[in-house]
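Shown below, as structure tokens, is a lone chain in the form predicted alone; questions about how it binds or moves come after it.
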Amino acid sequence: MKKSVAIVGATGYTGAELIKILLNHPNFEIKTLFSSKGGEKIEEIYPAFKGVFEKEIKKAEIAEITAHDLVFLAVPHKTAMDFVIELMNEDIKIVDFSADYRLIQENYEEFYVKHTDSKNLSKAVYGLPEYFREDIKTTKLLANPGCYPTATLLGLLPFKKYIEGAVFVDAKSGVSGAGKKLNETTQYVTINENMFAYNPIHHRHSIEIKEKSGLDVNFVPHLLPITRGMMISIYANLKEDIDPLEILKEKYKNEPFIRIKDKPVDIKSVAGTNFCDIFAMKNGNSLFVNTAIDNLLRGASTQAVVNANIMMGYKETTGIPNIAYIP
């Protein structure tokens, strides 16, 4: 019997991506879509679902959510806490897209808002499968990583013990990473034929990268004039002589969603997939690591489903797209 799934926050980009993935998943069935208001129809919000998947979206209520085996909380930070506090008392597994359970309380409150659920914060598992797979298997509450931290940590962590001094991360993302809400930065006349850094050094994802890596990281994100995709360039100093590509190949030799490249990566090759492509090289003691992911998928929705597969005891590649959009 398929596991029943609820999606809270179905109207956002990551919610729509979840629907696309789960419609082709052999073990999960979307039973209910929820949003903060309810009363809408998913095929009216996203006409691409017309004749394929048509469903009314209900107003999110705890009592209705708990009737499912699994819930994806594709909601903003702070909002997720209100749901998790109630849902942790029920027989349901939770995959949270927000930042609410990714960080220790001190770091969360410095970069976000006051945390109101410290009790469950300690129970959450950070959902980067390549590094926390065994913990993910037994958790009830999964904190799905941010898109920038996912792409950065997968390139950075294999080299952690070889790095000395500060790390510099040059990150670039497509506009979909900013969500559906329009602002001056994301409107067409600003981003078209343009690129710029935003919130350098102090971006919220910087603390997630620092906390999970334990390194001194200087993080600078940039907005690209593309819809989806993310590229990371990492620069660091090495304290010993290594072969970067061999280290990557050894670390990720059994990982189904990591591809080690022998030349710099590109975004098109990962768009529409859960892959993280990684390249690395050095010049003397200077290290360069280059990664690419789909920010909406490996940075959010496919990674969430991979984590749900692990939590439910399924093969983690089940139902996950692995062919990039061509052309």
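Residue indices: 1-based, along the sequence shown. It should be emphasised that the depicted structure is a prediction, and the values quoted were computed from it without experimental measurement.
Not pictured, yet referred to below: the form predicted together with another copy of the chain.
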*asked:* On the criterion of a non-hydrogen atom at 4.5 angstroms or closer, are K3, L33 and K93 all touching another copy of the chain in the model of the complex?
replied: no
_At 4.5 Å between heavy atoms, is E184 in contact with another copy of the chain in the model of the complex?_
yes
*So in the model of the complex, does any heavy atom of N192 sit within 4.5 Å of another copy of the chain?*
yes
_Contact flag, F28 vs another copy of the chain in the model of the complex, heavy atom cut 4.5 Å_ = no
*Give a yes or no for T79: in the model of the complex, does one of its heavy atoms lie within 4.5 Å of a heavy atom belonging to another copy of the chain?*
no
*What stretch, of 282-290, 298-306, 59-67, 33-41, brings heavy atoms to within 4.5 Å of another copy of the chain in the model of the complex?*
282-290
_Partner-contacting position among H202, K161, K114, K253 - heavy atom within 4.5 Å of another copy of the chain in the model of the complex_ = H202
*Who in 220-252 is close to another copy of the chain in the model of the complex, meaning a heavy atom within 4.5 Å?*
V220, H222, L224, P225, I226, T227, R228, M231, S233, Y235, A236, N237
